[in-house]
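Take a look at this one chain, the form predicted on its own, written out in structure tokens.
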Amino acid sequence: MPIIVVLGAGVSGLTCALELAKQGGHEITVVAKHMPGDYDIEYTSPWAGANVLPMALDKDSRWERRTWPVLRRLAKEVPEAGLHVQTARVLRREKDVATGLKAALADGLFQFDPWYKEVMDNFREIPANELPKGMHSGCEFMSVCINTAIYLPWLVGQCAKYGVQFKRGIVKHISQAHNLSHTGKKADIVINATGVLACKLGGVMDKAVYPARGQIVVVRNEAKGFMPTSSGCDDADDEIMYVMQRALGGGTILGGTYMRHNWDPNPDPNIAVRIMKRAVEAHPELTDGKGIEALSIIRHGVGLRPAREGGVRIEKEKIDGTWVVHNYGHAGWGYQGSYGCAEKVVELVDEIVKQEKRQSKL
């Protein structure tokens, strides 16, 4: 029975552990410095919104295409997972279209005639008479919003149901993970789901990985009806607008920023004011038209999206004699690509197991 250590307990690591455990035939241990319930700048997943807004170009859309049916099913059939259905509203500003949508931080999301129109339920182009002032065009579709404070612990529970074990640990070099299985034996395979810290992890040190700092404001006000986002804003090139209401009383997320190579963990009060103003302008129902003074703030937050030049890394390699399967570099789409990426990780693990069996017979 192959012994597997999953390094990292964010949404990517937990989903990989769950899908491997459901397959059966493995001894799996999740090892991480931070676990669900923790809030730390090194631990990205709890800070995420999170919702589904397809970001990839068609050629790289496998991860999101394969994940969406799972998240849709969870929202409709598994209420305890902390997901609920909401309508996403994607808006292209006139000034961004005039410059070729260069201000759009998610290339695939704001494309005209996007690939996801055939994937996302209830997709429709927004008629001109329904567009807010200053908007060139847009679309709507059924999406989901995830209460990460509920969903991450739910993933832990699902993993535990299938026999996955959990250990706290600080790993400075990938080779240290080989010896951290709960079995006490050396791992056959390590899954590297270390997110933005893959750039600092010994034995990996991926210089293509960098943080994309996201600042948010969480409020008690309800954003009923839809989740808006637009292709840019007037405040700064690395500031964006989105609103999403979490399920099961999780509050409403107002965002945000996309600040590349910025490790600052502290919320900027000036940016927070701009975030709130943009959100209330786009979704006036938040405060019944009363402005940001009527927002009831729960907390301010900062998370570091694990971005990577060249995109996500999902591949296998041998490090110090042990197989490692990498799964990191998801930027802002970790949740909405989680099951698709885990599916690929399972495929790579199967390849390794078959290869090792063939070699043992020689």
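So that there is no doubt, residue numbering starts at 1 and follows the sequence shown. Note that the coordinates shown come from a computational prediction; the quantities given were computed from them, not determined experimentally.
Keep in mind that the form predicted in complex with ligand FAD is not shown, yet the notes after this line are about it.
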*Is it the case that 190, 206 and 211 all touch ligand FAD in the predicted complex, with a non-hydrogen atom of each within 4.5 angstroms?*
no
*Quick one: is residue 60 in contact with ligand FAD in the predicted complex, heavy atoms, 4.5 Å cut-off?*
no
*Partner contact for residue 155 in the predicted complex: ligand FAD, 4.5 angstroms, heavy atom*: no
*asked:* Residue-level contact is defined here as any heavy atom of the residue lying within 4.5 Å of ligand FAD in the predicted complex; does residue 116 satisfy this criterion?
replied: no
*Please run the contact check for residue 43 against ligand FAD in the predicted complex: heavy atoms, 4.5 angstroms, yes or no?*
yes
_Looking at 134-142, 271-279, 164-172, 231-239, which stretch has residues with any non-hydrogen atom within 4.5 Å of ligand FAD in the predicted complex?_
164-172
*Selected contact from 244, 90, 83, 286, since only one has a non-hydrogen atom within 4.5 angstroms of ligand FAD in the predicted complex*: 244
*With ligand FAD left out of view, choose which of 32, 56, 314, 295 has a non-hydrogen atom within 4.5 angstroms of it in the predicted complex.*
32
*Taking only heavy atoms into account, state which residues of 192-223 are within 4.5 Å of ligand FAD in the predicted complex, ordered by sequence.*
193, 194, 195, 197, 201, 214, 216
